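Single chain ahead, written as structure tokens, the form predicted alone.
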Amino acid sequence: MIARALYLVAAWFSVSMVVTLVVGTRLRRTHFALSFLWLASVLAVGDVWALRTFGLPPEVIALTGLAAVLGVGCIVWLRDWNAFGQVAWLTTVIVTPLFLVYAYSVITAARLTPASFLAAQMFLFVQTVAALVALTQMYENLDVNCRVRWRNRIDRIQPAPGFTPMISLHLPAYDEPPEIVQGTLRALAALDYPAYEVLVIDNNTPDEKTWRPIEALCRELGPRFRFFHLEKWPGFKSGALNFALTQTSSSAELIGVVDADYRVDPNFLREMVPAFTDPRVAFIQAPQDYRDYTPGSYSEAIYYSYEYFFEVPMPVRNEHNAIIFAGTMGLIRKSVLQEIGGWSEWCITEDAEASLRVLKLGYKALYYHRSLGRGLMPCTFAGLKRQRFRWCFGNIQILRKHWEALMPWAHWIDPQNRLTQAQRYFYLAGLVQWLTDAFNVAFLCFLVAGGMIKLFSSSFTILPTTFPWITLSFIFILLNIWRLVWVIRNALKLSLGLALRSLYGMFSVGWVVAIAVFRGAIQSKTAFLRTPKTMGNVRVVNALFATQWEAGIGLLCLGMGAAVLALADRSPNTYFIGGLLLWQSTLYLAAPAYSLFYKACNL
């Protein structure tokens, strides 16, 4: 019965997802009758197929009735989505746990040795966690593409004449090229705002020739620019920012963080400051944008992989007052920053960690969906990997420190925790999504083991796969890849080719993200890996050396996949394992390809 139920639900899921991925963004209205009609149509198509295939009307009617009841609840709950998104989410929520239950039933029904049973349980655990993480990503994707009514989206802020609070802009720098920082300072000097200061904090730069020109320019730009050079200062970037907080003008009401390579627009402050007329607003964040990619290049693909975060998760989170403070291009109230005790020096993503502590106090945060400044992307793929490692490790630090505050029952334990359930969900989902690549590595280990078993005809079995398991897994993987391309194309307005290159740009850093997850799980601190801002000469051998692990894993998958398809038995299981190994090889071989051809920093 479980297999038949799974086939029926998978039919609903496939119909709803295919239609959603083809025309889901075109319906720009929502209505209960329209949504219910689409739900009934999807259920009817699956029912007709199931009745012709299996018969058993009582089973089909019972499952359809349950799905209809859940569907009505889903339509009411997601009233700001169109009908395609509502039904696609419903069928996803139904099919995912049912597939996991089916997989568990296959394991328990098979006569496995103790070692095989343990391996199967481990595989199922990996699959379960990965499925839950995929659900969070699916919700974000459907929300941003199928939402027809944005209740909190901010593309413009109403000007507030006469409201010009004093702002202190903090620019931390460590061993930055003087010409890059000087460009940033000149852009700040051109800001169209009457009351601000700029504090440049150069911490631990070893060569005096690097920071002296920056100090000289600050003197040239006038008294509102102040320069501080710190020797042997602890805390990395957050330590420098905490020092800046102690030097901030007593009249300053807002703090802004600007990275050393950013060129802000003259209207940066003028556009964002009016948000603080609402005393509940603690911080506002604009997108982090970049100026140094070449159209048609690999750097353009990486550029859009950056933009994904500010075009998909951030607008969705803004609907629930659950955005993160991303540092540069953001403003925060000085009083609130002091209330939470400043920046946490134990965390290398101090900005995101601070925003969680701010929201725990019950404040409001806003995402301003408009680019007001552009910085530099990492100049090399090795630099990109360092940056992603830092971001991931910092988020794992946050997860380890604050996971209890994100649990549904957290308020009962700590009444001072004023996070809403939606805020807890989005922060927890955003943190655990960094685990995706780690679970992909675990999945790859099972695939390689399965390939070796196929080649050597071992009696050992990791998972007793069945035809339904193989068929539905293939459908889920195919639709999941299609979904990722769909959301990138529509949210970022890209061509199919550029969307695929951007997607593989995300895949190309998967190994270093997985390493950061494993490192973050066993150690609480790491060095702050600075992102280089100058190009230098990157030879082919250096570019390949920077991705030696990814290249090795990719070639292993490629060779084993080809060997399984050529030498193993001609069963569906063989084609499935071999095909997955070949697909996994493309994810890892993307890294050396991008490392060879990626080039940014066209200043």
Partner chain sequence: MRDDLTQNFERPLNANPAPSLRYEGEDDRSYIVSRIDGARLTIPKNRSVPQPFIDNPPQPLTPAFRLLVAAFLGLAPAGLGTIVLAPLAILWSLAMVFTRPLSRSDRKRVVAVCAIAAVMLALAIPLSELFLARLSS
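Note that the coordinates shown come from a computational prediction; the quantities given were computed from them, not determined experimentally. Residue numbers count along the first chain shown, from 1.
Absent from the display: the form predicted in complex with the partner chain. The rest refers to it.
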Partner proximity in the predicted bound form: residue 390 to the partner chain, non-hydrogen atom cutoff 4.5 Å: no
Residue contact check: residue 215 to the partner chain in the predicted bound form, 4.5 Å heavy atom: yes
Proximity of residue 208 to the partner chain in the predicted bound form, heavy atoms at 4.5 Å: yes
Residue contact check: residue 412 to the partner chain in the predicted bound form, 4.5 Å heavy atom: yes
One residue of 131, 382, 112, 352 in contact with the partner chain, assessed in the predicted bound form (non-hydrogen atom, 4.5 angstroms): 112
In the predicted bound form, the one of 117, 150, 193, 518 near the partner chain [non-hydrogen atom within 4.5 angstroms]: 117
Partner-proximal stretch of 265-273, 103-111, 278-286, 85-93 relative to the partner chain in the predicted bound form, 4.5 angstroms, heavy atom: 103-111
Members of 400-414 lying within 4.5 angstroms of the partner chain, judged by heavy atom, in the predicted bound form: 400, 401, 403, 404, 409, 412, 413
